[in-house]
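In structure tokens, one chain follows: the form predicted on its own.
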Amino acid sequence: MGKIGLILIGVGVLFLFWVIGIFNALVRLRNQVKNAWSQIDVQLKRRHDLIPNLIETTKGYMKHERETLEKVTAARTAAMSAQSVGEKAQAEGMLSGVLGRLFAVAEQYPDLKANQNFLALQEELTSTENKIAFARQGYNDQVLFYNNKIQMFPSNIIAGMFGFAQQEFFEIQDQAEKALPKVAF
């Protein structure tokens, strides 16, 4: 084996290390996306677990608002059964909308507004919503890094060879939730 053979072997070994490096970076980014999604999933489960308690608390006070309570229950069921990121985003947006309507209707019931259990649940749901928003931002950042990596040259070649697919962003579907809150004095 001459000098040219050794050079070719050296180039081949360098190429192999380069491919391994890109592959490992793609795996790391994909796992970071999965981890970020699991953070959202934990908060969504927490939110879903709070809703039955909220329904039970409000049932006694809002006997004439049966339709509103049924919509909350139906939206919760739809959110829990959604599978893909896009489906979950849409279902969670609908759930946020009906919860907002429930809290708006609850304003008409002074006894309910004064109930400590209701206030605690409302506070806990608000806190959970904030945690979901924070986790959603982290997830979307990880998806952005990952999608950029699998679309940019030369890592797109390795991503295509090993079947790395783009991930969906967790985007807000509800226009009311996207709107900036208005502050009036």
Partner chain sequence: MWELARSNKRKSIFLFAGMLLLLVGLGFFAGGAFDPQAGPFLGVTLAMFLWIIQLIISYFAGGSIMLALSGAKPVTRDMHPRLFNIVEEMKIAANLPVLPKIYVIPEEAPNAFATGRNPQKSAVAVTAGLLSRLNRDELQGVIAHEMSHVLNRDILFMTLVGVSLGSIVLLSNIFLRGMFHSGSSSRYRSRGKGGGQAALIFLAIAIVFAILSPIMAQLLYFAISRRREYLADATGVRLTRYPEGLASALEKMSRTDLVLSRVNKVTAALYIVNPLKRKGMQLADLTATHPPISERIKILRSLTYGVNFAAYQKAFESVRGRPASLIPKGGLSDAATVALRAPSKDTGPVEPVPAQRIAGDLIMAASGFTFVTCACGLKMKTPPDFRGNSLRCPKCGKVNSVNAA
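Positions refer to the first chain, counted from 1. What you see is a predicted model, and the numbers here were worked out from it, not measured in a lab.
One more form of this protein should be noted, the form predicted together with the partner chain, which is absent from this view; the next part is about it.
Discussion item. Can you work out which of S155, T68, Q43, N147 has a heavy atom no more than 4.5 Å from the partner chain in the model of the complex?
Written reply: Exactly one residue meets the criterion: Q43.
Discussion item. Considering non-hydrogen atoms and a 4.5 Å limit, which listed residue (N117, S38, T126, N31) is close to the partner chain in the model of the complex?
Written reply: It is T126.
Item to complete: Heavy atoms, 4.5 Å, the partner chain in the model of the complex: which of 56 to 64, 135 to 143, 156 to 164, 22 to 30 makes the cut? Say which one.
Response: In the other structure, the partner sits against 135 to 143.
Discussion item. When the contact criterion is heavy atoms within 4.5 Å, does K131 count as touching the partner chain in the model of the complex?
Written reply: It does: once the partner chain is placed as it appears in the model of the complex, K131 has a heavy atom within 4.5 Å of it.
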